[in-house]
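Just one chain follows, in the form predicted on its own, and it is written as structure tokens.
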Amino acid sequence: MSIPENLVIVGGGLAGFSMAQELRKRGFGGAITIVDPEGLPYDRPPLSKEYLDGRQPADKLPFSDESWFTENNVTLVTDTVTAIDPDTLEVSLASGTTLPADEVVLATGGHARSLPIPGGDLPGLRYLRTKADADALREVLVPGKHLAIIGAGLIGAEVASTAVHAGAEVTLIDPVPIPGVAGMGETIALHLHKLHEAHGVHTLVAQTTAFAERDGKFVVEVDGGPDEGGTEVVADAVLVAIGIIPDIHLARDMGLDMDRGVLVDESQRTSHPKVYAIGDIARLRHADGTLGVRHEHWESATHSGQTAAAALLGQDLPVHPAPWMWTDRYGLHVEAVGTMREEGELVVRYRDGVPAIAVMLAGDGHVLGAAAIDGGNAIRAIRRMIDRGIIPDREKLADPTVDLKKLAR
């Protein structure tokens, strides 16, 4: 295979930056250009936590300062890609300029999902995807303000924790009684969700049906509104936190194969031999044609960039461990590894009467996934069990006196 001399990465998020970084580590000497409308690539997880509450200053968000790009000969273009010619791979920018490319990497990420309901297009509704979004949201996280959050997933739950700690009144609305079961299992997810009420957040299990404005406030109608026996929530601000929509318009315009994401092989290569897709937009199509789950977590983005870098250079693909994610709320650090989506036996380890670790076992006893509260060492041990196919003793898994590291040997 021929190694390209001129590579354009469309998107400067974690996936795009990780690929550029990995290419240089692996000895790639060709030209690398990253195009992103926000400019210097930065980390997004702090936007709902440390950055939102002011603990992390803005200058600590970027993955690296501008000197890294100079030292590693990576060109950063602050612009928006409007089109990519599938034949020539010429990249057109909103400014009117074009960039030549031998190969292209799509790392376009996604944008916050909106609700397709009456009032869902109100200009004052807030979302949290960018630094600018966090800066605007911080203004209403003060005593005397009431924030309604639609969606109790990772972002919604983290912002609820940040907001109530800042003194704001918070109402958290989600149609699912126990959010987060797919990622953490029912026991851990239920315990975490109960923390909202314990910290003064009002939770509603309801479907949001409309937004409106009245007397300078936002009105959130749930379960059909007051005339149909529903509820009104009146708030100073509304955050819609119901996930993201992958930005796949460039891939669609190029005619790439897609199915709820841009389909890629194990090398992150799309149906176009000279185009890769990484990060939130990519969905693995296995050799037998079956499709994997499209991941939107931090580490998954990093791994996809690293895999694409190795593939582009014709090197052996890295072997990544079981997928891992984390969340922080109310002073607790939660980690999960593997998958909790599949049916199996849930083994729970308690600490002082509180669920601390939940492990999902398959029918044959091997570990599918796990979640832990303030248990990073436990998650690392369980990750080894997953990666090595170790079948642990169920009773020892549940026993808090047994060191999980010994079970992982």
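Numbers follow the displayed sequence, beginning with 1. Not measured: the values here are computed from a predicted model.
The discussion below concerns the form predicted together with a small molecule, not included here.
Enquirer: Indicate whether the candidate residues 14, 35 and 108 are all in contact with the small molecule in the predicted complex, with contact defined as any heavy atom within 4.5 Å.
Expert: The answer is yes; 14, 35 and 108 each reach the small molecule.
Enquirer: If you check 221, 174, 158, 103 against the small molecule in the predicted complex, which one has a heavy atom within 4.5 Å?
Expert: By the 4.5 Å criterion, the partner-contacting residue is 158.
Enquirer: Of these, 201, 81, 148, 312, which has a heavy atom no more than 4.5 Å from the small molecule in the predicted complex?
Expert: After the contact test, the surviving option is 81.
Enquirer: Tell me which of 283 to 291, 208 to 216, 126 to 134, 95 to 103 has residues with heavy atoms within 4.5 angstroms of the small molecule in the predicted complex?
Expert: Looking at the other structure, the answer is 126 to 134.
Enquirer: May I ask you to state whether residue 330 is within 4.5 Å of the small molecule in the predicted complex, using heavy atom distances?
Expert: It does not: once the small molecule is placed as it appears in the predicted complex, residue 330 has no heavy atom within 4.5 Å of it.
Enquirer: Quick check on residue 275: any heavy atom within 4.5 Å of the small molecule in the predicted complex?
Expert: Result no; residue 275 lies far from the small molecule in the predicted complex.
Enquirer: Quick check on residue 168: any heavy atom within 4.5 Å of the small molecule in the predicted complex?
Expert: Residue-level check for residue 168: no, no contact with the small molecule.
Enquirer: Can you check whether residue 186 is within 4.5 Å of the small molecule in the predicted complex, heavy atom basis?
Expert: No, residue 186 is distant from the partner.
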